[in-house]
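Presented as structure tokens, the chain that follows is alone, the form predicted alone.
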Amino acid sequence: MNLLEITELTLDLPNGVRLLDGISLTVAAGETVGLVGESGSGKSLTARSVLGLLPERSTAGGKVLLDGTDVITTSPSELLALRRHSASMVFQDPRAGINPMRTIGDHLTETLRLCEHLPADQAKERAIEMMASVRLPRPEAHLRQYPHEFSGGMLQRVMIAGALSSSPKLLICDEPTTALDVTTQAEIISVLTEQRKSRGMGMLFITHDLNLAASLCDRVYVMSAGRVVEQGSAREVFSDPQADYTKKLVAATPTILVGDAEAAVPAELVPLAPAEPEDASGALVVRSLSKSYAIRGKTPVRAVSEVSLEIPRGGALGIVGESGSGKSTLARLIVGLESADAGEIVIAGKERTAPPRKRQERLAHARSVQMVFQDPYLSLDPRITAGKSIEDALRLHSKLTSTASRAKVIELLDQVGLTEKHADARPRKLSGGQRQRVAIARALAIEPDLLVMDEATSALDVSVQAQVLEVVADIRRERGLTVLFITHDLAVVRRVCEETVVMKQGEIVEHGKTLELLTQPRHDYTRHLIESVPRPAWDLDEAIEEAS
């Protein structure tokens, strides 16, 4: 019997809107099943229905059999028992699932004490065992720590340990590696795979990363608009997609191709070099830049160490590396949000090393360089419309009238693929991809010499990510815009940037042409990053067969 069997599941809101329409899927013991699709396709709603976590006042139809019990019709007490012993869930954002005021030990032992009725000492021992099983380095010391002392990858392991503490038969993972760097993602996936095999449990894995799904899942279901549009083995679905929607997702997914022949690289993946500018001098020149942070009672942390780089006008440089490698600190130094301890920053021929202090200096620096952050919802004021946020930037840096500003706003939104109706919408009414386009439009409103994009596409669906990257490519062609692109996604760098810099612990360990760097890496750390990128399981199997 399958651990999970969903049959013709429907979900309707009180206003008659149908969120899920006839979903059917199964998960067997020891099997990993993927749910893929864009945001809003119904993936998370389907997964939450397994635990009875449905929207308030919604109406569900069909059957959701978890370990033989129908979740939709079962009593609250039976549902609670299912949540405690049959299935657990790992959510996308671990910081949203752990109380920041309580220690990691409190979080992990609470379920063991209250649900398993273990004495405090036994619960503590079990928590230490669970943390060791997910490869946390210092389990006993971690018990006394708080969530803010952990990196995103370490905190996600804590969430996995907590989900596994009740020995569930089914583990539901909702985007557990989104926005993690490739090496941390590889470690988390390795932990999940190891636990699945050792426990013989089933796993329902939700993701918008098709490369990840291909490397991990036995079977996949492709969802769109609340329906399953295609299903089958991962190899069948991704190698030979039948539905038009699946074909679109596969085409939009950036990949890293292994090999050293540039001729083997599809033309659409080769970065688009802008027309040769009349002035070939560097739009950005960084010389021997360093930055350290003092920590009370500890040795100062060297975030950026003797970094030097240059981007020609109209060029695009990618900076890659793990979390903590110094990428974002370097970006903040260039934008003027941090002050450097040593070194020099020159943007468009003007020295910009010291953070601007006076109003005119801040305005001049902002006109020179703009930044697009990872989460546009946090960088846009939720109280004002998208159009007003762009118009405010225009009015601050120019003397345009209200009518002229409004016209310019519409023009900018059109450049990033949005319309006038989006100008009148507040951020919460826009999708993630639409918010990111508004952030790009606002950054471009004052026509900066340099655009810094810090993980600007890491949390977007593959199709939306492709659209945003195409927007950037179009603007580069039209304006000769210079781009500094910071990311942990090597496949995105492969599509966007002519040159790439690899950072580790604040230092540049490798720098070169993107194609050469990804196909013929010279540094061991670069090789490690490339090897950590998810590859289809069948490719790995074939490589093992060839090697043997």
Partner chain sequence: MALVSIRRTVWSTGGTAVAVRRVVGKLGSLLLTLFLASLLVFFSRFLVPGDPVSFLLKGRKPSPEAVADITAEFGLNLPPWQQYFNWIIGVLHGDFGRSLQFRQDVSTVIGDRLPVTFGLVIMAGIMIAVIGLISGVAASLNRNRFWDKAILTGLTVFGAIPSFVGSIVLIAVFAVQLHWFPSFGSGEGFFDTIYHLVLPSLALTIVFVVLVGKVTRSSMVEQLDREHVEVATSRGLSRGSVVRRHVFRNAIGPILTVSGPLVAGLLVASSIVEAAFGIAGIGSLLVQSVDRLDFPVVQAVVLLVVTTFVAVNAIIDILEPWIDPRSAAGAGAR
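This is a predicted model, so every value here is computed, not measured. Residue numbers count along the first chain shown, from 1.
Omitted from view is the form predicted in complex with its partner chain, to which the following refers.
- In the predicted complex, every residue of the candidate spot (Arg84, Phe91 and His148) has a heavy atom lying within 4.5 Å of its partner chain.
- At a distance threshold of 4.5 angstroms between non-hydrogen atoms, Thr111 is in contact with its partner chain in the predicted complex.
- Mapping the unseen interface onto this chain, Pro254 falls outside it, with no heavy atom inside 4.5 Å of its partner chain in the predicted complex.
- When its partner chain is considered in the predicted complex, Arg102 lines it closely, a heavy atom lying within 4.5 Å.
- A residue is said to contact a partner when one of its heavy atoms sits within 4.5 Å of a partner heavy atom; His117 fails this definition for its partner chain in the predicted complex, lying far away.
- Screening Gly326, Gly162, Pro376, Gly315 for any heavy atom within 4.5 Å of its partner chain in the predicted complex leaves a single hit, Gly162.
- The partner is absent here, but in the predicted complex a heavy atom of His107, alone among Arg196, Lys124, His365, His107, sits within 4.5 Å of its partner chain.
- With the partner left out here, its partner chain still marks one of 462-470, 447-455, 187-195, 140-148 in the predicted complex; by a 4.5 Å heavy atom cut-off that stretch is 140-148.
- Along 47-85, residues Arg48, Leu51, Leu53, Glu56, Arg57, Leu80, Arg83, Arg84 each place a heavy atom within 4.5 Å of its partner chain in the predicted complex.
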